[in-house]
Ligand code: NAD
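Single chain ahead, written as structure tokens, the form predicted on its own.
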């Protein structure tokens, strides 16, 4: 298959270090959100394929060479993997542009470097998984050791596919687990390019397996009796289904990252140009298709008119550049991921214009007749129960409301069922830290928009999910404690 000049792209499932045929007849066709051309097709993994992938992972974990690998050997393979991915940055960026419209500039500037950095970070952790010991008391010497969980699975969202490859697989491997990974059906090709790199990097057969498919394949993973842990990034509705299936099957461990409706609070003493830059670029990166994007902006009433005019100007300048091919290096803003996502976002735009009670400041519609481009949009003062204020849109759409006091700002920011991220803009660090402790979120930036990194945990409060990925906490999610008590009197 050829994709934007890339030939011989393998699209079969990758199991036991080999691409394999699927007995299932069902396929999914991926179309470019830029021009609706067919990018390619993937086979849908049915029960037989899922069983084969899990069986390969189980064998590798229990009896294969992987279970004898030292921590240094695991780290060496992971570092080699990171190098191989980094060397294919251009090809991987083109695939993301073709399948879900992510500009190559975004993929090369943020997504792929984050993937590579995360794999290297966890490679460094492989030989640093320490245990604990306690001096003899009551006749017993006590040891706590931390062991891998076993066979793990990951289901990724489409907006930052290669980041999720790293966040889900790398800590699992550093801890000694094996893995079955399913990419989103909207962006499946990058992981399939990465798949054979695991073999080239020295990972034994079965350690990491890649399968493709949609919701039905994900459901099979969630309910599988021989998977010990599953990690999912995506919608709250699907996350609930996965948690329910995990509990009803074998009570496998679950990590869920389920999105956000993040606040940005701008106080009167904020450095205005910095606040404007970060609130514009932070939302518009990846066309608003980032779960941590600050989509609810609360600005102090004394600077609100100036801030709104400044943000409007930035949004309209960005809108004037939209419509270009995301595969072109100079393109900054791409289309939404596909027609389904376009329909979702435009339905919220209509709701904002007709039901929210908000003033449309700028945007509010589709750009052009070709592709899935939407104008960067600002709504002012929506009603407190408006859908555009309360539900995750996952597009270049934000709301603005003003506030008078610090307590009011905190109350407005926390008035959501989500709790993934937040931003605070102020010249007073004491205020920033005071407000930060009051916000019910898992990640937060001061005088900047939030973007994850390899060293720190990522995840949220409330309905933004359970557990954490990235950082040390991401590694701990793939370990389980075993307590050993030794009777010193024998």
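Numbering follows the first chain given and starts at 1. Fair warning: this is a prediction, and the values are worked out from it, not measured in the lab.
Below, we turn to the form predicted in complex with ligand NAD, even though it does not appear here.
- For a residue to qualify, one of its non-hydrogen atoms must sit within 4.5 Å of ligand NAD in the predicted complex; none of 12, 33 and 189 qualifies.
- Of the residues 164, 122, 379, 179, just one reaches ligand NAD in the predicted complex with a heavy atom at 4.5 Å or closer; this is 164.
- Only one of 399, 118, 99, 233 lies close to ligand NAD in the predicted complex, with a heavy atom inside 4.5 Å, and it is 233.
- Per the 4.5 Å heavy atom criterion, ligand NAD in the predicted complex is contacted by stretch 257-265, the sole one of 90-98, 257-265, 347-355, 171-179.
- Remark: residue 184 counts among the residues lining ligand NAD in the predicted complex, judged by a heavy atom distance of 4.5 Å or less.
- Not displayed here, ligand NAD is kept clear of residue 198 by more than 4.5 Å at the level of heavy atoms in the predicted complex.
- Using a 4.5 angstroms threshold between heavy atoms, residue 294 stays clear of ligand NAD in the predicted complex.
- Taking the partner from elsewhere, residue 109 is found to have every heavy atom lying beyond 4.5 Å of ligand NAD in the predicted complex.
- Residue 420 is the only member of 407-421 with a non-hydrogen atom no more than 4.5 angstroms from ligand NAD in the predicted complex.
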